[in-house]
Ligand code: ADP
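The chain below stands alone and is given as structure tokens, in the form predicted alone.
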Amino acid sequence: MHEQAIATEWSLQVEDVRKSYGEREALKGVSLAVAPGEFVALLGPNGAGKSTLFQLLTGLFNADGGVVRVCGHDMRREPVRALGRIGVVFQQMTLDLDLSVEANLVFHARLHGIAGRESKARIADALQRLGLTERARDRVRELSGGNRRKVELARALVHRPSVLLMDEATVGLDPASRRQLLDEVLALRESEVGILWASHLVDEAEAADRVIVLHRGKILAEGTPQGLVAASATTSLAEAFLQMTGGGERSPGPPQ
């Protein structure tokens, strides 16, 4: 665990969460937690249940059973308080392509009740952190894929969340842009942000404080990257992941 992650309470707690679609069980009693300043990689093949879990964590759907708490706030009983502490970058881009970078962030800030000088200051800070200050007036349509992802990350940070959810956020990016986005998110640990990074790419999990392996709706293993390698008697996290899931990294398919 990252040295900043020592805390008396969790930023995010998921306890025995279940979700089914008809007869298909997408999540079968998933439990996990993320501490302040901790980077947790949720690693699983496509179809493992990662996107379903993120839909529950962001309030898009309700779980069939179990509890989700964000900074102690129950998602079902206190959804406004819980969701107000979460920042999220989804797998599919959700920016308005015809608005400027700044306008996209202003709209998000207003949704969280942030306006005026406070809004301007927060937006300026987020853009500066991600090296986007010079692109503030550009339309999102004019940006590269990597910079669009940076804008989405900046937007997720404007309301200063305690928990950052990254759902397969590097899909479609070139290797250099993937690495840069990952580095930017890793740096947020110093701000005590708890991060849950979902991916099917093993190399993105190697820098995590903890790795949680999700497969077919169940958690198979949890530990540091080094701990998982040692426990599986393999020589790399990729080999350990292959051994646990029986398939490892697959080509992209419909998320579940």
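Heads up: residue numbers just count along the shown sequence, starting at 1. From a predicted model like this one, the values you see are computed outputs, not experimental measurements.
From this point on, the text means the form predicted together with this ligand, which you will not see here.
This ligand in the predicted bound form comes within 4.5 Å of a heavy atom belonging to G49. When this ligand is considered in the predicted bound form, V229 lies well away from it, no heavy atom lying within 4.5 Å.
Taking the partner from the other structure, this ligand in the predicted bound form has no heavy atom within 4.5 Å of any heavy atom of V68. Mapping the unseen interface onto this chain, P36 falls outside it, with no heavy atom inside 4.5 Å of this ligand in the predicted bound form.
Although the partner is absent from the chain shown here, none of F107, G146 and V151 has a heavy atom within 4.5 Å of this ligand in the predicted bound form. For the candidate set A26, A63, L188, A221, a heavy atom within 4.5 Å of this ligand in the predicted bound form is found for exactly one residue, namely A26. Of the candidate stretches 51 to 59, 189 to 197, 221 to 229, 28 to 36, only 51 to 59 has residues with heavy atoms within 4.5 Å of this ligand in the predicted bound form.
Although this ligand is not shown here, in the predicted bound form the stretch 108 to 136 places no heavy atom of any residue within 4.5 Å of it.
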